[in-house]
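Consider the single chain below, provided in structure tokens and representing the form predicted alone.
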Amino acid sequence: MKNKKLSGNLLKCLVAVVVALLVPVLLGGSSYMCLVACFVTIYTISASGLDVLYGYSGQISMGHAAFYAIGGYGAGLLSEYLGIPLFISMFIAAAIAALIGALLAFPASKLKFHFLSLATIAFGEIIYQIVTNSPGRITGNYNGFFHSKLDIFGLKLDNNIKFYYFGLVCVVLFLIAKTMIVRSRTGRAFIAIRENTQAAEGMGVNVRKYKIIAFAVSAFFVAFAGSMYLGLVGYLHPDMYLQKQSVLFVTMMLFGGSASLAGPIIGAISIEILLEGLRTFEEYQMLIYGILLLIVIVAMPGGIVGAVKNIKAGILRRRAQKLDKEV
């Protein structure tokens, strides 16, 4: 039974990889649609990082746009002023964001629910003020920050199709890393903290330590995604890092389904397609977007993944009841 389940999961992964590889072909090579696909890869990594923090360790953050900014601006500034190749700067900036995330989590680890949420919102506002009022205008302040697009040791990702495949590789690597973390002792500690902090402490789990680790891992994911955005677009503006960006990350995670591998992927794809589809409604776009999300979240509190699991469980339950009656 276990081998059958493993084979089924491997088959699903294989099908998903094949479909992902064929996306540019399925989109007819459209540069614009491939750009949307590139954004999906970036948002998948961001939502997956937030899922490590919220879905698995139960810590809510409404300020993750700050780490997104640290990744983007950090990679750009390291490359621009220190001459470090952007590809390498992306990892350095993500590591810096992870360190900052750990430092933030040290005092914030004792906060819960809305208090933690308010603390992360405040952190987001601090980073926004730093970006818009930087010393010597090194970030460009309100004019934004320009940088050449990403190249990897001479290989220029000068079109959206090339960047999509780079983004796809990053998604696979980050999802593998997430899976390894979740299935490790650290991941089990995260889940114990999420379920019951007091019980976890009673079992010998160092709650503060693992909350800090969750924040650091989450910050690394989101910051790397932020640096990917710079490599794709070649431009950053402070308005990208307002509160609504943090809300977007949370929405994608919850819409797809938290505490799952597929949830952030489904959420990123669904919300990005929804936003693109609503562009034709112009001034009513955000109103319709908000109403649709409210309906879906109320109807499916576990997200799309949770709804699918409930449907599957219902079908199996009805089958079992039918078999019992026949017997």
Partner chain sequence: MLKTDGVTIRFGGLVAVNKVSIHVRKGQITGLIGPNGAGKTTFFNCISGVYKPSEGHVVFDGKNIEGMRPHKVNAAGMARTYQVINLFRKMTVQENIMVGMHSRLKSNFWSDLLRLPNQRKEEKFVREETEKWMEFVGLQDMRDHEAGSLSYGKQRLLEIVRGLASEPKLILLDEPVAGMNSKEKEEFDALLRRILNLGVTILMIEHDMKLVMGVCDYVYCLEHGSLLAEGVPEVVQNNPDVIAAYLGGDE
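Positions refer to the first chain, counted from 1. All of these numbers come straight from a predicted model, not from anything done at the bench.
What comes next is about the form predicted together with its partner chain, which does not appear here.
Is there a heavy atom of Lys149 lying 4.5 Å or less from a heavy atom of its partner chain in the model of the complex?
Judged by the heavy-atom cut-off of 4.5 Å, Lys149 is well away from its partner chain in the model of the complex.
At the 4.5 Å heavy atom threshold, is Ile181 in contact with its partner chain in the model of the complex?
Looking in the model of the complex, residue contacts with its partner chain include Ile181, since a heavy atom lies within 4.5 Å.
Is Ser117 close enough to touch its partner chain in the model of the complex, meaning at least one heavy atom pair within 4.5 Å?
Heavy-atom contact with its partner chain at 4.5 Å: absent for Ser117.
According to a 4.5 angstroms non-hydrogen atom cut-off, is Thr186 in contact with its partner chain in the model of the complex?
Yes, contact at 4.5 Å.
Heavy atoms within 4.5 Å of its partner chain in the model of the complex: which stretch in 208-216, 153-161, 71-79, 118-126 meets that?
Only one stretch passes the 4.5 Å heavy-atom test: 208-216.
Going by heavy atom distances of 4.5 angstroms or less, which of Ile96, Leu111, Met240, Ile191 would be at the interface with its partner chain in the model of the complex?
By the 4.5 Å criterion, the partner-contacting residue is Ile191.
Under a 4.5 angstroms heavy atom criterion, identify the one residue in Ala200, Ala102, Val250, Val172 near its partner chain in the model of the complex.
If I apply the 4.5 Å criterion carefully, the residue I get is Ala200.
Its partner chain in the model of the complex: within 4.5 Å of a heavy atom of each of Ala259, Glu276 and Gly290?
Checked in the model of the complex: no contact with its partner chain for any of the three.
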